[in-house]
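This document starts with one chain, in the form predicted on its own, laid out as structure tokens.
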């Protein structure tokens, strides 16, 4: 299975979710390859520091993604791609090769507009590939009682893609990379974050 995490806006939790997905799959004894396709390469150091048996590839060329993914897929059970922020040729290449694409979306109208542009690109890929990839929105940094979060959730339903379990605005998610851990390794202070992330990862990998 090839999972792509992408969006047209940065700072929405794309890398955090991608790293947690790769770690979760690896702990289930899956043979995982992680492709860091973001020029910032912020995921690469985090993946290395986790110390899990995850093959790391740094690829930010759309041509390389198109040509290498078939070979990498033959050697792995799962591939997780952390895509770049922005609707670049690399983002298009990911959508032309992934089985599932996910759009993390923060709780603001600007985040939602960015996700809407990514969904438009998804529709183009689905037309080219006659159905694939599937696409889902991941609401992130939610404040359960916040007006903006409620409005964003209501507006997101109009995008026409499934919406998965959201992640709350929690310090544990922000701290995980600095501690070179995933939230399930961070003990009691991160328990609620770990439960939320676990529920999301189950939804992402279902089917």
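On a predicted model such as this, the values are computed, not experimentally measured, just so you know. Residue numbers count along the first chain shown, from 1.
A second form of this protein, the form predicted in complex with a small molecule, is not displayed here; the remarks below concern that form.
Trainee: For the chain seen here without its partner, which of 167 to 175, 23 to 31, 47 to 55, 61 to 69 has a heavy atom within 4.5 Å of the small molecule in the predicted bound form?
Mentor: Of the options given, it is 167 to 175.
Trainee: Using a 4.5 Å heavy atom cut-off, state whether residue 190 contacts the small molecule in the predicted bound form.
Mentor: No.
Trainee: So in the predicted bound form, does residue 194 come within 4.5 Å of the small molecule, heavy atom to heavy atom?
Mentor: Taking the distances in the predicted bound form, the answer for residue 194 is no, it never comes within 4.5 Å of the small molecule.
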